[in-house]
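Shown here is one chain on its own, the form predicted alone, set out as structure tokens.
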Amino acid sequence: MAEIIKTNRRDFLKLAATATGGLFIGFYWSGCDSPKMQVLSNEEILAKATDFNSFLSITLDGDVVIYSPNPELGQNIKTSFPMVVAEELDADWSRVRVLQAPLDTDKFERQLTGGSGAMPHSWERLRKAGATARHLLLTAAATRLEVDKNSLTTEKGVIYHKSSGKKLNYGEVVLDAAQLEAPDEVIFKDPKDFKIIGTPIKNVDNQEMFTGKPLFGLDFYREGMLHAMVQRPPFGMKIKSVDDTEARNVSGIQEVFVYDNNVALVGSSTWPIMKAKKLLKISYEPDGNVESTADHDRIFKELLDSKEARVMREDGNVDVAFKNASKVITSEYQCPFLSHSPMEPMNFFAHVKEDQVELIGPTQTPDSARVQTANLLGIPKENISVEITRLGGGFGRRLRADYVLEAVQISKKMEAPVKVTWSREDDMTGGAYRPAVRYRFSAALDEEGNMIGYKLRGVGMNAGNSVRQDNFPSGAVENVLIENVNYESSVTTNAWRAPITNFLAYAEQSFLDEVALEVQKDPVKFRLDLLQKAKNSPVGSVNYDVDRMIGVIKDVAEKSNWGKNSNVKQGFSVYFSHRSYVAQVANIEMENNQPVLKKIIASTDCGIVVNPTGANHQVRGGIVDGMGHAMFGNLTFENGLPKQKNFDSYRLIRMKEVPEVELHYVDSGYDPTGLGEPALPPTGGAIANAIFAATGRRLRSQPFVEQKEYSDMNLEIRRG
């Protein structure tokens, strides 16, 4: 049913009727109340720009434009944001446009991309902007036609008065609408009446991307700018000496200099710089721990047995539960460091002037880049502008501003505009990886096969908290102990798509399968029974929605025909992350004694699906990403240096290795929740559990292809 939403005038910005004609609705992204209104001239709009938070504009021709504050890196917000506005506005979608807004923290509260939070944060704000504009347009049309506003309807940017047959397009009444006061309340559409939301719509940047228009940071060019690249040290080492004689002799090289334990090379283009970079002769010496993968393996073992651990959650009495248990199951799972490996390597443009800085490029956190630049240079952040290009992937790597600061420092040194570009080797060896983690799980079982105790210890390399103590099965088991140990490694780490849960989900879901099969219970029913306990007799806090998790489990079990075909060996996994719930089933069939992974079925509860096209891309992409890194991804170290430096040695999944992926969505009636990350965590567990069902071999570490249990398995992947 339609929903009446109260507004708050204090959180409105202003309506603007410009000299050139049109309606502007400025609205705050920082609050959930409707836009505050005011009539402004062109000059006043420019003079009072800091009063505005964002714009929804309607021209005299009926075109609709909104500015999107969040960086676009493939999560589809540049398409889905205007879809929401257009829905409540009843606009003609073909006439809706969205523009990327520059950084402006006075106008935007959450101008970043991360945590799958853009749509949950902006959903109500966008709807109110569209609903408010529609209300004003209807009010202006009712006055013009001398009819009751309730007798008017709208469709595709046109206002209709059915009884008289009269109609007006939005552009005909925008000037009148701009003179009106903001409403005290607006009416949202009933979701059953949505015409744009829920409709598959192509990415608004498709044509520009397909035709090679300059959208990305690597595309940016300014006449007269210099190019730069940086040679960074191995982890845990510092520069002892530099011989740059041969590098300086390369034609096109303008400068080579040392700064902050790095060597910068500056020239007319990237090609001579890449040639010169290979000619540098740099000697390093230890400056802290110089680590290798063998060291990490040893540290994991030591810390898993250490008495020093931080208790993250404790319910009941695990000591008593495990002492009285009929049986105890214990398993360990480990994952390696991983590179983010976005298609577009790191790059950024900076022009440091006497008291101002101009920054342009791909960043997930533009304000962080600005603040760190201000701190580095000792100037007010207000003197720094940041223009956001489209990002060629990020996966968390572009949450950091290290590559931005490189451009800033080199520009300052050269007193010129500079664009820093990383090669693929730079990108893969330059740090900020997915943390390596090892988990130890233990389950205490009573004589009836019930799990009466659950223990988890996570040890992470610069992972912070490597556990998610309040996630399932917490709340469903009487006695729980969850601990965390963080090791401060010299290898730098950063958030990586679905931080921590990207591996924790695989480990946890594989272990729960181990427990279920040990007590001879169906893996799906085993989880459903636990969830029923969490619902009916919760232990401690339950910080996940039990019903939503049950919903996706039952849906994927039905859609996959779980357990109904003995010739299909199935693996199940379910996880909650970033406000959403995803359950997956992987199907393996044995052909000539060889396991063949043919299909992955996923059921997702992400609330209302704004754009099925974008949603399918996010879920399918998450599954492919999760599968590829679970099976192949591995970054190992020797004396502080990654051994894998490019895609010839760092294995990614190939298109021919992607099985059929079947997607379903559970309509729980909730507003949209996160979707950029939640589909990745369950994938590894579903595949590993299917492999065990087919072969009896349990994979407890990633990447799968490097485990002895996998060595002669000859798993084939085939669509359908």
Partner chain sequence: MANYNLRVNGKKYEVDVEEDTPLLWVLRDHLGLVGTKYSCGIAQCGACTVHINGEATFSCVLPVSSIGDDKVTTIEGLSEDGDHPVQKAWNEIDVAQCGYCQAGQIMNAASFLNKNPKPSFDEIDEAMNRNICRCGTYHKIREAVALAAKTK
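Predicted model, so just to flag it, every value in this text is computed and none were measured. Positions refer to the first chain, counted from 1.
Keep in mind the form predicted together with its partner chain is missing from the figure; the text below concerns it.
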Checking G236, P183, P345, P595 against its partner chain in the predicted complex, the residue with a non-hydrogen atom inside 4.5 angstroms turns out to be P345
Check each of D219, D297, D287, E155 and return the one that places a heavy atom within 4.5 angstroms of its partner chain in the predicted complex.
D219
Specify the contacting stretch among 519 to 527, 564 to 572, 641 to 649, 586 to 594, defined as having any heavy atom within 4.5 Å of its partner chain in the predicted complex.
641 to 649
Do heavy atoms from each of A309, Q509 and N543 fall within 4.5 Å of its partner chain in the predicted complex?
no
Please tell me whether any heavy atom belonging to H629 falls inside 4.5 Å of a heavy atom of its partner chain, as the geometry stands in the predicted complex.
yes
I'd like to check something about T613: if you look in the predicted complex, is any of its heavy atoms closer than or equal to 4.5 Å to a heavy atom of its partner chain?
yes
Although its partner chain is absent from this view, report whether L391 comes within 4.5 Å of it in the predicted complex, heavy atoms only.
yes
Taking any heavy atom pair closer than or equal to 4.5 Å as contact, tell me whether G621 reaches its partner chain in the predicted complex.
yes
Just to make sure I understand: among 637 to 667, which residues lie within 4.5 Å of its partner chain in the predicted complex, judging by heavy atoms?
N646, F647, D648, L652, I653, R654, M655, K656, V658, P659, E660, V661
